[in-house]
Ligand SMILES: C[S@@+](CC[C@H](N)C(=O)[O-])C[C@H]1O[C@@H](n2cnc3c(N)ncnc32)[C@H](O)[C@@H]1O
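Take a look at this single chain in structure tokens; it is the form predicted on its own.
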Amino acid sequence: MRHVDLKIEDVAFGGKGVARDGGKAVFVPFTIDGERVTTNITREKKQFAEGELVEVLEPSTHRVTPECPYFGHCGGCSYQHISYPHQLELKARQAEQAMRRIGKISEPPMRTIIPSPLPYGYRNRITVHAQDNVVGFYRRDVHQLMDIERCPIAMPEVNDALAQLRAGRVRDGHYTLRAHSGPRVFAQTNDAVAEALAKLIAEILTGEEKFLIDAFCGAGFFSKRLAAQFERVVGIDWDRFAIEAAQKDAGAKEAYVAGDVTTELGWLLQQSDLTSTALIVDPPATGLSAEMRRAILEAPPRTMIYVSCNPPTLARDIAELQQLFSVLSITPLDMFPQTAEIECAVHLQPRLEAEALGAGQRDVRS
């Protein structure tokens, strides 16, 4: 194991600081750009190396004391040692870098990152694990459970539920603790930022779209908030329980379909008047499948909004969609403070329409 002093140059997506040792990139967790640190090299490959932080020799002015006593050991958070304003700077930069390197956009049209009103106490649910009277989360990089009494990034109601769980006789298993009652289907974990995201999407829509397709709609978070702006709304999701929840209070203009999202989306696009169709996609972290990207390129809607929790797969998909689409804006949102995760919303339009819109804006300015 090598022992080296390094200067941290940047923080990569995923949360590890990046240094250089003999021209090779070295990734060191719990470090901040600008710091000089002592590191043990724990893994060495031809193109890169990984290290563990031994000592911070010259700390960043952005370094703060973590609020969580488990930080650095628990596998959840990566950024509690970084001041919240600098977390936002890092995440905005990481999203832009992904769009440049992977998305092949030379000048990404970035908007200012939308922060979380609550840097702590924002999560409306957590999943804890129980085994042999230990209740908590797994340790970082090790499948070993550590006992957790309280999670500082969780809402008070969630921590109350955790305390109640720990007070009883807990059987081995997994427990999702929630701040809100309701159907147990996928929902965004940060209520305030989720509402800001819905507001952002409403502002992006031009008002000329008549038909909304909400792919990976869950229980209809976006479609129900936006339905008033459209003549017809269709939500699609593979999760039949989420679709059942969406259908319970669906209005006359709403329809929700459980099934293969790629198949249903392709059929809907082919049957639609694309000049008045808006599409929202909010896929899992793996992004859009090749078949789904192809279906969208074969029948491009007037307006497309791509919501993602994974900038690299988002950028990969955007690179292909640019065959026909122009990227009008990219907005990062901090849905997950203290963690390395980044939410993004990207506004796309078919290239000819986007170019016409840009020309119109130039005419107005001139």
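Residue indices: 1-based, along the sequence shown. This structure is a prediction, so every number in the text was calculated from the model and none was measured.
Missing here is the form predicted in complex with the ligand; even so, the following discussion is about that form.
Report task. Check, residue by residue, if Phe221, Asp239 and Met292 all come within 4.5 Å of the ligand in the predicted complex, counting heavy atoms only. Result -> Judged in the predicted complex, Phe221, Asp239 and Met292 all sit within 4.5 Å of the ligand.
Report task. Would you please decide whether Asp260 lies within 4.5 angstroms of the ligand in the predicted complex, comparing each non-hydrogen atom pair? Result -> Contact with the ligand, yes.
Query raised in the report: Closest heavy atom of Ser116 to the ligand in the predicted complex, within 4.5 Å or not?
Result: The answer is no: Ser116 has no heavy atom within 4.5 Å of the ligand.
**Report entry** the ligand contact at Cys217 in the predicted complex, heavy atom, 4.5 Å
**Finding:** Yes, Cys217 sits close enough to the ligand in the predicted complex that at least one of its heavy atoms falls within 4.5 Å.
Query raised in the report: Using heavy atoms and a 4.5 Å limit, would one call Gly75 a contact residue for the ligand in the predicted complex?
Result: No.
Requested in this report: Counting only non-hydrogen atoms, choose the one of 231-239, 102-110, 88-96, 150-158 that falls within 4.5 Å of the ligand in the predicted complex.
Outcome: The contacting stretch is 231-239.
Requested in this report: Quick one: name the residues from 279-301 with any non-hydrogen atom within 4.5 angstroms of the ligand in the predicted complex.
Outcome: Heavy-atom contacts to the ligand in the predicted complex: Asp282, Pro283, Pro284, Met292.
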